[in-house]
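First structure 1, then structure 2: two forms of the same chain, each alone, as structure tokens.
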Structure 1
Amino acid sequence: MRRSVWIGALAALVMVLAFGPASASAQTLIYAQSGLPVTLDSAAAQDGNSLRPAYQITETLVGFEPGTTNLAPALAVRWEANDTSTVWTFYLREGVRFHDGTPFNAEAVKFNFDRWNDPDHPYRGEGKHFAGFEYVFGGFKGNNVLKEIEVVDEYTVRFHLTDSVGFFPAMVAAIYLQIQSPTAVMADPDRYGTPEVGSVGTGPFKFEEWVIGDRVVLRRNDDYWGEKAKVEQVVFRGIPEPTSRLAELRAGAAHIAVELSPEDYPVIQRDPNLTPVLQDGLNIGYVAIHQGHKPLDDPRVRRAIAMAIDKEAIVEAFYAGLGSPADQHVPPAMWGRSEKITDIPYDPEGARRLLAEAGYPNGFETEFWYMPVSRPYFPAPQPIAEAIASYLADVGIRVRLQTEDWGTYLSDYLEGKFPMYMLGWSPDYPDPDNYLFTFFGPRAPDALGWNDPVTQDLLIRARTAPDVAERAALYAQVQERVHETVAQIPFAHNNPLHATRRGVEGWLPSPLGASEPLQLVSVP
């Protein structure tokens, strides 16, 4: 028996002893994902393992129809814009209360957005960086599209923008922008979202317990404004190895296991107790190159790296037919792609010539960091990283493979500590802006050591252009510029493989990643 499978079986036995067999526990939904949360303070989160449980506790103003990218009312029942789309008014759901009994209203909305937007907000929390807010709006106070939030009355809030943004409701639907209880945040802003405090929202489940290294437990909110959850309890397990997650599912100690190894698809199909679930892939996995580390500041070196890697062979080996090599960052199912881009070909001889031209005829040494958890876009990070390292070694680029704790990894890459690293993206809202502004907007100097005013200008113009065709043309230009300079290497798109126990009903994985309405799920 493989070691990872043995570990998974042992974990499954522990969970059976703790909660009973999944198939016999009709009131508890056990959800196996690749890691536990880093935080439940959603705007401070950067990963699906944090955002998925947070999404059950706290809610956004605008949501999505289950299993789709179609916008739907959530804590706001409707919204409207002025003629120039510079002022947006949201009408809030009345009579909703947070889990601590305090009222949800326009003041609560303003508190949350002000806290996220203002680095000097008194209840921001010590050392907190709301990266999710920055991804969506492009910076903080005075540096983004959000100028002012006005409380019109108890259930009406108005957003004043610095420029026209016709897709603002989609931005507000981003999973980071979940409304927290102001009272709970003010009670302990430094520890809000941690295992000791959890989070407090209006969602279908309440935070109950977070056992570090083991599980997060949520309890049904019987006072929920919408459809009540079909289970009393949700238990999130963090299990890094896909084979171990599958072993736990097969042993009956979990109802849902996500982001499984594509190679296990036939195994799941043959198991009469399991149902495979393929999620529509709007994701992108990429290899990032930080230009603050020499010799990666040389575009010839970056192009040589891209030419040295046989993406097609790696995808064929590790994605089991469920993925495809990426030639640009916006996936094929999304508009805003460029028809002019032809992917950089696998050409090791050409890579060696470029390295020699750049002054590195014998190659060079650097670090390549890989993710410690599997994600939809990289189902097997370490083996994929090892394959990439092997291809790079063939042209003389000798990389030291490294990794670290997931939470630290997500902080360190933004501080420019990694010369090369693996990461990816599942979109927060269905618009090219969420890919390209996120990667190449205000955070690009930190994440990539790349500060290109031309690209920044194109992105701002694309955000504010009133016509979709004009926006699409601008986004195509962004991707062409990224491709030309090899600012980052798009690697693969994937249709993630998940599985459920037989009899699990109502589970609709979101094309956007972690926006799953688990209150709809029933278990046998």
Structure 2
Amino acid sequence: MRRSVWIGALAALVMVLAFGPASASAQTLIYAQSGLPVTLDSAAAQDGNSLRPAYQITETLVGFEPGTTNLAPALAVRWEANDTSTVWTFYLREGVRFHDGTPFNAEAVKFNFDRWNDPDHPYRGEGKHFAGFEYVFGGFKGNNVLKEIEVVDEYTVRFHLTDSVGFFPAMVAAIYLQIQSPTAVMADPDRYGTPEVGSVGTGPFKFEEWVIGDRVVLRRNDDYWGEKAKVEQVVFRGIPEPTSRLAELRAGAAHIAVELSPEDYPVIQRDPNLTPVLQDGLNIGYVAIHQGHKPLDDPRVRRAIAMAIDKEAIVEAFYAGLGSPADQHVPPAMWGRSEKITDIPYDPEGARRLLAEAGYPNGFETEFWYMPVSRPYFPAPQPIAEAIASYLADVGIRVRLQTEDWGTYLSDYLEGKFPMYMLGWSPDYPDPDNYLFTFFGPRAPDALGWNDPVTQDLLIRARTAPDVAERAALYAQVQERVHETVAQIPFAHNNPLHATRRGVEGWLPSPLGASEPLQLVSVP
């Protein structure tokens, strides 16, 4: 009698469990990323998790051909420069309206750029900081390259610059610079972009709902100027652990899961319901050496470090064949590389000899800091750091592995606190300048303890040289210089791993990270 009660209970439990999850409607695309947005006000955002959903709602003047880094018309249909590249004129798409009915025109563009550029702009919004704009333009009003924005007519806007910038359209294509509806921003600048208010743009999807801590829901914009979205709804979910994102994808609770762990590549390949998607990575992960710490100021020691690390073995182990060892900082898919560089080979014997030559026959001790979070350029920073440390230990360089949380990490490396550390970069705009000026420009003395006038000069000249071939040659020289002095060790370029459910079509992840045209995606 009692046993039958148990069996009944068990049967009930099994029935309960077998009852599948309530299924989503076929017209909804569910996108699993590593977190929910911080804000939908794109210029105030920094991370892909914010910028990706924002990009569906609001658009940039200059976009990209889907899945590439080639510039393409977006809200601007064409653009031109004067002879010296100091004045750029953009011709805007006509007849476009924001989701709230506000017409899109030159005034709207000027409003947005003024709001980003001027720290005292009345509609900036309390506590908002437009770091992406600041970075791309090199500062704010009065300190940057932007002199004036002129509204020529309803659909023509002109940027007057203080200097010649040959790649200005690429700067304007930076994903932070999405044009927001002036009406919506003015209505509530402080709360614009938050879960309660959302954002208003011209894009293929409209903001519908943001459930705090859970999801962001967008709905198709039926009046979109371009190709209308294939799905009715997009739901963005934030799931921090790559393993959990994959689990959700396998459970059918997501159609697209991005930034998965390379270690799970075989699992994805084996699963008949999933399709792995490899993205061309433009990122670079590197091992930095700060010359302010002895004995790292000795180039022989730095070279010995580079020789001690078996880059290839580590990349093979932790990137599951998706990444490639880097011999210079600008990735192969980009121009401005040097043909003359051959990577420093793995040679522990040679490393020991060099160390002895430098006066450290028994090696030395130092600290090696690794990132507490995984980024596209270092998918598994901790085991990679452990592997690097063990290779260094082989030649007598005993490093203490250390980390701290991301916020502190990002400030400490600039203060020269780390003798050796891991970091990397994903570009904002597709230009070698965005890599090399960042690493070896004005920040190098702080970040690397490396103050090299030759490199600094090359970088400035490359910025203003009008001709691409000339610029490419200058960037090649910068990289040769870095290679010779081993100022920093380029480690790997990674092709981030994503996956979709089978039957999801038309998805093209962007090499720059977050600028994806989700209107092209259809779900089974």
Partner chain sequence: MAVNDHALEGVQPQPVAGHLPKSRSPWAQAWRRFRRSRSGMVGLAMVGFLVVMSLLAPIIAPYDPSTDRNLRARLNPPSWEHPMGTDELGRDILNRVWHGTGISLRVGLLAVSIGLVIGSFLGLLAGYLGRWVDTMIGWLTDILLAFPSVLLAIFIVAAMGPGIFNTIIAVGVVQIPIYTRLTRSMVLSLREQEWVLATQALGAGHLRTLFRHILPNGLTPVIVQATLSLGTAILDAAALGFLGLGAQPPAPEWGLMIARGFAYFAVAPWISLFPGLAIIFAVVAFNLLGDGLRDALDPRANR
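Just so it is clear, the model here is predicted, and its values are computed rather than measured. Just so we're on the same page, residue numbers count up from 1 along structure 1's sequence. Note that the rigid core is defined as the largest set of C-alphas that superpose within 1.5 Å between two forms.
Two forms of the same chain are shown on their own. Structure 1 is the form predicted on its own. The chain behaves as two rigid units between structures 1 and 2, and the smaller unit swings by 25° against the larger after C-alpha superposition. Core superposition gives Leu322 a CA displacement of 2.6 Å between structures 1 and 2. In this core superposition, Glu470 moves its Cα by 4.7 Å between structures 1 and 2.
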